[in-house]
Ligand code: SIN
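Shown below, as structure tokens, is a lone chain in the form predicted alone; questions about how it binds or moves come after it.
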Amino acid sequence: MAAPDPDAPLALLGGLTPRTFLREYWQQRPLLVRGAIPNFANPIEPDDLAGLAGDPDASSRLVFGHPERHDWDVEYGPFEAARFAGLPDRDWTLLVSDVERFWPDGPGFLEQFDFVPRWRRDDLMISYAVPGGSVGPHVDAYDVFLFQAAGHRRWQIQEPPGSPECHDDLPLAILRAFDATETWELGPGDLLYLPPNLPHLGVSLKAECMTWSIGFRAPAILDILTGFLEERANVIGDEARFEDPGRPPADHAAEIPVGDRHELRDALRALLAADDADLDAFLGRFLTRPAGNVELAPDSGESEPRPISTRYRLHPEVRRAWFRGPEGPVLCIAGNDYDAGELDPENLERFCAAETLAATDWQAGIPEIRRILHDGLEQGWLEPDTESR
């Protein structure tokens, strides 16, 4: 699916075009949009969210406390239904992450934000709060769109950011000092964009306050470097050693001779050497690796694809992306990269959005479709689609 027209005004952005928003606001300053989604009807009831918080596959937490008292506490799910029945009338928040995995319309809702590439997107987190509910003043290391789906919430920010120091005696990363410089009250349909590392505080003002957070987490460069070095180290293996047959006698016992340093430098350069195509392929693999909280179930039996017409269902959290390589497009799926043949961008987008795959769908366009199916079954991000039988 194509991204939104970069030069078409979007109500979601207050009439700004994606190009203008990204140039003037993204990672720079907040943007408040009243009525970002006009006539919005919240499709998720509080009981739905509470039920999801009881799912062992969902990531959920309850946060208790109020900014004026600094009495913060946190509990982690899954939660029994009885836990919610005994909660107080004020000052708590339920948060559930990765809601798009469990809500069928979640991916469609997130498509509205496709003016930013999907590899940058983290998840849809939904919070439900009673009056006074909050998670305290904090900073996020990522861009976030805060959409008010129900009720009212007061948001405050602090500019300039000030000290990022957090309390070290609390179970949450809550700022020691927060001096609000701007305040907004958001109602249903309103949207607030916040750039990274901007101190902010949200407090529920009324009952049944529900806020949807669309986060865009950027990878740490150190994590990318670590991933690259790990991948290269795995190629070499544990058995590779420095070798020095026929070496000359040492002149000075404590010296590291120039010849030894030369050999070791060459070994390191060979390990790190990579051209643009190598680095692009690594980045595609790295950026589509399954998240740490995604559990895959590799096929314990035959991992070879079954008859060519067999249809397979992709794990809902499998990451897919593509890029234009020097020899044609490259598909990246769950930490793997594949030659995408001569597929055009429209079909590459269609592949990356497909919920099911069959070799017959793609054998004419993707030379490595059989390897894709084999890897998917072996690694656990594909399984036979029983609904298609």
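The numbering used is simple: start at 1 and walk along the sequence shown. Quick caveat: nothing in here was measured; it's all calculated off a predicted structure.
Not on display, but discussed next: the form predicted in complex with succinic acid (SIN).
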_So succinic acid (SIN) isn't shown here. In the predicted complex, which residue out of 138, 232, 121, 311 has a non-hydrogen atom within 4.5 Å of it?_
138
*Residue among 192, 95, 99, 157 with a heavy atom within 4.5 Å of succinic acid (SIN) in the predicted complex*: 95
*If you check in the predicted complex, is residue 211 within 4.5 Å of succinic acid (SIN), heavy atoms only?*
yes
*Can you check whether residue 319 is within 4.5 Å of succinic acid (SIN) in the predicted complex, heavy atom basis?*
no
*asked:* Although the partner isn't part of this model, could you tell me whether residue 207 comes within 4.5 Å of succinic acid (SIN) in the predicted complex, counting any heavy atom of the residue?
replied: no
*Please run the contact check for residue 186 against succinic acid (SIN) in the predicted complex: heavy atoms, 4.5 angstroms, yes or no?*
no
*So which stretch, 237 to 245, 170 to 178, 275 to 283, 145 to 153, is the one near succinic acid (SIN) in the predicted complex (non-hydrogen atoms, 4.5 Å)?*
145 to 153
*Residues of 112 to 128 having any heavy atom within 4.5 Å of succinic acid (SIN) in the predicted complex, listed in sequence order*: 125, 127
